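Below you will find one chain, with nothing else, as structure tokens; this is the form predicted on its own, and questions on how it binds or moves follow later.
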Amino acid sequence: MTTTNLNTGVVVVGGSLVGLSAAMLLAAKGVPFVLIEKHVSSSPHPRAIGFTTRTQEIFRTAGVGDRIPHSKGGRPRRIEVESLAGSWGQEKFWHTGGNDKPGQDKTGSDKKPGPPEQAKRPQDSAFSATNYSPCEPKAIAQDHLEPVLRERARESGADLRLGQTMTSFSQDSDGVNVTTVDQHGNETTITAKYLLACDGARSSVREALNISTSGIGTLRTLRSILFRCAPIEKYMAHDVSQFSIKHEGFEAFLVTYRDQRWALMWNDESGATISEDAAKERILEAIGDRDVTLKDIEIITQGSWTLSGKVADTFQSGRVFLAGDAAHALPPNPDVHNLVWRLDYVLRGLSEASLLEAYTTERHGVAKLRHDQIFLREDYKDYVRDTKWRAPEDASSAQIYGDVEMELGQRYVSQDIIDTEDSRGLPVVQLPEEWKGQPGTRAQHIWLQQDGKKVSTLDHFGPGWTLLSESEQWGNDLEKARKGLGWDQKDLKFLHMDAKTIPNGESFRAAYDCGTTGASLVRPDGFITWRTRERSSNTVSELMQVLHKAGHR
């Protein structure tokens, strides 16, 4: 057994989707870090399969978007059925439009014998690549996505230490100390400035810090069987990948990973592993096709997981940050994108450590809203009925928002957002076009022409701060401000929205509402931090003040 000591900027604990996303983003920015993960590869039983538009936008800025294969039909579709071969009902939607009341049924209940002749996908212009985003949601199995992220992180020089388990950690005013042990008993002591805990819903880091959680709590324990069954691949022809199965004495959820693997899940409070024969019998009942036999089914693996809704009361304790399921046991949520750029600027000495504080302020608010939105919906009303949780009394929180609003139209409220107008009374969620460049909201996607190529405004966000304006004079002002701050060119750049870049200037004015002489300042994570509708006589000084405040200089 050997003992090794090393120093770095950040220690990332956990190397699944969230940890690997953090590693990829940190490595792209050149932030020194070490990732430790107790497993040597991805789980053989993937859980996550659907990844949202906003997640795909982040992957795009990290240079990995093109490596993620396009899934047929885009967003996963779900139908309620008696069995796979039995009667099919109407499509069940997660949610497509806002302004509905809690409990309003967005599903159809009429069932027809057998699968439909052709299940047509409804038009969903909300996620069209030509409207809100250059990206679309994708359905890819977690164990197929993780290797892509891992490869991209390593290409950028990431130090990924798989097969290492954290045995202890501590922190003081100067940094954190983490002790790990590998599968051969070799010990490593890591000294870093910060620790990022991406170690899942049962986070040992969160527990060690005594950070409590709130929310609906634990709801169900689910048994899940991963299997192959060639005869049922024919049902994929109907462009449906998720099936809520209900008939007398039987209720389960069946999903295909679109790679000849299927998973059957059902409530199982015992959590006990079942025999292979019992698993196959359960699968046969879900299929309901007399031509399918036990011999047609190949069991890959099985497991159990807990369905819950929990949000940590804070995402930061000193020099330790929580992200992903460690921060909130909810669907995938791009926390690390909000945090990584802050760590980059602080570690390079461009910002004070106070810049990190808004991570909790901004992302905690989003997590709480997501929690409430999930459990207001029809899908979860049966789970909620047996708990003490009640819908928020606040009218704005109790309203059910649509997918587009929740993914692309949320507004951050923090001390880092400089709003020269009175934003009190504004909603926290709206359709992107309704915000019209409001500080605290995601900078909107607009197609641009650059060097003969079609690119998105989003492609310019990420390395540093970006100032957008139709007036070329802002470019000179920004250069003076940059030199005054002592920042590199990559840390602060100007994007001239002239006629060559954006032939239709009206689209920029409508999306950002900063007039022909004003400007919009976008953070490295693609959110607007400040806007002015006209250029003043002391623009350089104004820019310096804004960046000192928003950038915590």
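Bear in mind the structure is a predicted one, so any value in this text is a computation, not a measurement. All residue numbers refer to positions in the sequence shown, first residue = 1.
The same protein has a further form, the form predicted in complex with a small molecule, not shown here; the description that follows concerns it.
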- Task: Heavy atoms, 4.5 Å, the small molecule in the model of the complex: which of 506 to 514, 482 to 490, 26 to 34, 44 to 52 makes the cut? Say which one.
- Result: 44 to 52
- Message: Given that the small molecule is not shown alongside this chain, does T256 nevertheless sit within 4.5 Å of it in the model of the complex, heavy atom to heavy atom?
- Response: no
- Item | Contact of L330 with the small molecule in the model of the complex (heavy atom, 4.5 Å) | yes
- Would you please decide whether M265 lies within 4.5 angstroms of the small molecule in the model of the complex, comparing each non-hydrogen atom pair? yes
- Would E405 count as touching the small molecule in the model of the complex under a 4.5 Å heavy atom rule? no
- Note on the structure: Note: exactly one of G200, G215, P334, G89 sits with a heavy atom within 4.5 Å of the small molecule in the model of the complex, namely G200
